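Take a look at this single chain in structure tokens; it is the form predicted alone.
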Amino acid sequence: MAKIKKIVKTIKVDADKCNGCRGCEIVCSAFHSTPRYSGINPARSRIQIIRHPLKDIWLPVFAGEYTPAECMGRETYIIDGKEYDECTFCRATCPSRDIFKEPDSGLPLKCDMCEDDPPREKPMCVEWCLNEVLTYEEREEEVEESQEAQDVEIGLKAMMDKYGPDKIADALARMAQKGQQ
């Protein structure tokens, strides 16, 4: 398979600067509401703040890829005397937890970097972060040529196995309706 150059978009997190204002959660949920900016529901946000307010620990975590299986890692980390398990900092949407799932349908959420038409200069959470906790970066990487159609089929099959065809059809109908508005 041939190598191609691809632009990789990332958001770096400087957790030491985060004060837990949750502005990123609010603006993300507003951007992804239907119609756009019509409501705020942080449960729909593609970024969640993991917090321990008494120890002043605030960590923004972005929704990552959906995985149909639970991982085997159950390690525990101690930060400032407080125990956290690996799931706390994981970005994946998986069957073992409710974070990063659409509250109404239960379908997985994933950070899409606020893709829009016309394209945004940077994601909303980065743009509205008052303490510069979030930094947007683009870099060019050489990667194997992807087979996007095959990736879509694998993702749809995993979601069909998990949620069933009725929920998938309902979600697609809502998305199609949203696209027509």
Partner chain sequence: MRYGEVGYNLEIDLATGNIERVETDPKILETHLGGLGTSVKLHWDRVPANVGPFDDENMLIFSSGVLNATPAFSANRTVVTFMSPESGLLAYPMMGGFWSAELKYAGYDKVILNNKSPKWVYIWINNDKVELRDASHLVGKGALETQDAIRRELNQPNAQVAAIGPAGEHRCFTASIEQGRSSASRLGGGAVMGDKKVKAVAVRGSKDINLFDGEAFMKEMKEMMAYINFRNTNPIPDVMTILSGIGSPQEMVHTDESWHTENFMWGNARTRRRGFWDEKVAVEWPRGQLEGIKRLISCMNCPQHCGALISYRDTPRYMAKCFGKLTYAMAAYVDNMDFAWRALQRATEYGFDSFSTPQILAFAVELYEAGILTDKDFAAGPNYPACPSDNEGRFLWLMDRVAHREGIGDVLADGVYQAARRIGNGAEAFDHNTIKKHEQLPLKLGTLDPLYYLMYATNEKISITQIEGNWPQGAFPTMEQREKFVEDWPQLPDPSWKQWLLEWEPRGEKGIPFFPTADICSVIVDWMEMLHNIDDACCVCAGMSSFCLKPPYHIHNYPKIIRAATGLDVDEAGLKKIVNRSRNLHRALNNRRGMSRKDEKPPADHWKRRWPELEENLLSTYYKFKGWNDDGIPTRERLHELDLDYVADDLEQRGILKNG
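This one's a predicted model, so the numbers in the text were calculated from it and none came from an experiment. Rigid core (definition): largest C-alpha set, two forms, superposition within 1.5 Å. Positions refer to the first chain, counted from 1.
The same protein has a further form, the form predicted together with its partner chain, not shown here; the description that follows concerns it.
#### Entry: The single option of M159, C18, A171, I11 touching its partner chain in the predicted bound form, heavy atom within 4.5 Å
Exactly one listed residue reaches within 4.5 Å, namely C18.
### Message
Only one of E137, E153, D56, E70 gets a heavy atom within 4.5 Å of its partner chain in the predicted bound form. Which one?
### Response
If I apply the 4.5 Å criterion carefully, the residue I get is D56.
### Message
Can you work out whether P103 and its partner chain are in contact in the predicted bound form, taking contact to mean some heavy atom pair no more than 4.5 Å apart?
### Response
Result yes; P103 sits at the interface with its partner chain in the predicted bound form.
### Query
Are any of the heavy atoms in C114 no more than 4.5 Å from a heavy atom of its partner chain in the predicted bound form?
Although its partner chain is absent here, C114 would stay clear of it in the predicted bound form, with no heavy atoms inside 4.5 Å.
### Query
Does its partner chain get within 4.5 angstroms of any non-hydrogen atom of E65 in the predicted bound form?
E65 lies outside the contact set for its partner chain.
### Query
For V61, is any heavy atom within 4.5 Å of its partner chain in the predicted bound form, or not?
No, V61 stays farther than 4.5 Å from its partner chain in the predicted bound form.
#### Entry: Residues in 74-94 with any heavy atom within 4.5 Å of its partner chain in the predicted bound form
The stretch 74-94, when checked against its partner chain in the predicted bound form, contributes only K82 at the 4.5 Å heavy-atom cut-off.
### Query
Does E102 move its CA by 2 angstroms or more between this form and the one not shown when the core is aligned?
Stays below the 2 Å threshold, so no.
### Message
Superposed on the rigid core, does the Cα of K82 end up 2 angstroms or more away between this form and the one not shown?
### Response
K82 C-alpha, core-superposed: shift of 2 Å or more.
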